[in-house]
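Next up: a single chain in structure tokens, the form predicted on its own.
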Amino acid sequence: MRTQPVMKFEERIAWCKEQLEDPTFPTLREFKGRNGTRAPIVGNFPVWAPQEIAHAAGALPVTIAGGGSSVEIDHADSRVQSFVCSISRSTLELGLRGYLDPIDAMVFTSICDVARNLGGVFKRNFPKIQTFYLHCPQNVSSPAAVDYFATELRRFRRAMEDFIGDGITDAAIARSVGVFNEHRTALADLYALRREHPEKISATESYLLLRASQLMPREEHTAILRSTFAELEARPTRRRDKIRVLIEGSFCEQPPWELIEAIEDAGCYIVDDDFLLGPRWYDTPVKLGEDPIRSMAEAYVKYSVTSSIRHYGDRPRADHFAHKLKENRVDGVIFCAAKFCEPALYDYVLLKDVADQAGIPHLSFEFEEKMGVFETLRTQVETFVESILLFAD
């Protein structure tokens, strides 16, 4: 793996793009070649997984976010329906093509019906990949939610211990939580910079950096982000006549980076988004207590960011979204959901009403991984931008 901190910013972004467009996961194969079986690779299907526990076990936790636009679906449709989301089909296709061979284990969680079933499909088709399934709490307002999820995380811990053949200490988990807290803080700083100074770094660039974080040790990526901030501070830029927009609905399946670039080229500063939400799952760093497993459970139940794939009890989703619009000082909202993604499409009905009540214009469209033409979408966004600028004048 090429040493990232010595790269200049533009070189680093180009490297991230190369990794995203290569479905064979060259960084993971290189990691495997250097470490062999001493450091297993534990993948997870989006949106979230307790990567800290895998990290504490000495594994490299990674997120497998589909095959993107570089993988043709030739085999997966014989195992799953052709009318489910692209990310589930392309993730399965990656395995059937042998591209997931570096992966030793996969973690699936109860985010939707497709994710629930995909874990079973993986177990049947890839017996060499250890499959874990995690039941996340649904009724988070229940007094038993933290206890329940702590028990579930301990079950996952025991399963990981059996898998690696060694114990995972509380001290190791606490250290890993600290590593991930630092990484989440660095990502939060990246998003804060983009929110306040969107001319310094584009959403496309920050997205590529975010995707790269899920295919390498977090300690290394944190160092990359910190060195990136210093470069961006000195980057010569000027503010352009663009509108500030928020993108909502891309928390699981990821849009092509070219789609993000097309939105920006059409006249938008994307000041916030829900791309690849797992690495940014908590509002605050996980507060460590005597029992790090319980601390993780409390963080999940009490401090998770808002998303379409979990309930929020007595904290209405609409209120959170209204706060998000105000915090980011947006001129418009772009609802960008994957085709066949029921959680995102159901939420659209609620969230568009919130935008209407706030007097904020919104645009909605669906995407899929294999999109290759973006001119129609670019035209839609340009018209959206022009209407907002005209109304502002």
Partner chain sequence: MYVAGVDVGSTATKAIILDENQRIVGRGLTHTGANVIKAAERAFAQARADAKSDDYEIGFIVGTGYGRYKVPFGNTQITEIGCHGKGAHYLFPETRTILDIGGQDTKAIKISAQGEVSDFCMNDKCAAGTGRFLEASASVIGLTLDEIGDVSMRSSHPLRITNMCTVFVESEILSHLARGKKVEDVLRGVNNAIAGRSVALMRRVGLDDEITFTGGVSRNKGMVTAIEERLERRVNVSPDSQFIGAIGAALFAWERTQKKVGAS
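Positions refer to the first chain, counted from 1. Here the structure is a predicted model, which is why all the values come from computation and not from measurement.
The form predicted together with its partner chain exists for this protein as well; it is not shown, and the discussion that follows is about that form.
**Asked** Looking at 208-216, 190-198, 69-77, 319-327, which lies within 4.5 angstroms of its partner chain in the predicted complex, counting heavy atoms?
**Response** Going by heavy atoms within 4.5 Å, the stretch is 69-77.
**Message:** With a cut-off of 4.5 Å between heavy atoms, is residue 17 one of the residues that contacts its partner chain in the predicted complex?
**Reply:** Contact check for residue 17: no, nothing within 4.5 Å of its partner chain in the predicted complex.
**Request:** At a 4.5 angstroms cut-off on non-hydrogen atoms, which residues of 372-386 are near its partner chain in the predicted complex? List them in order.
**Result:** Read in sequence order, the residues that approach its partner chain (within 4.5 Å, in the predicted complex) are 372, 373, 375.
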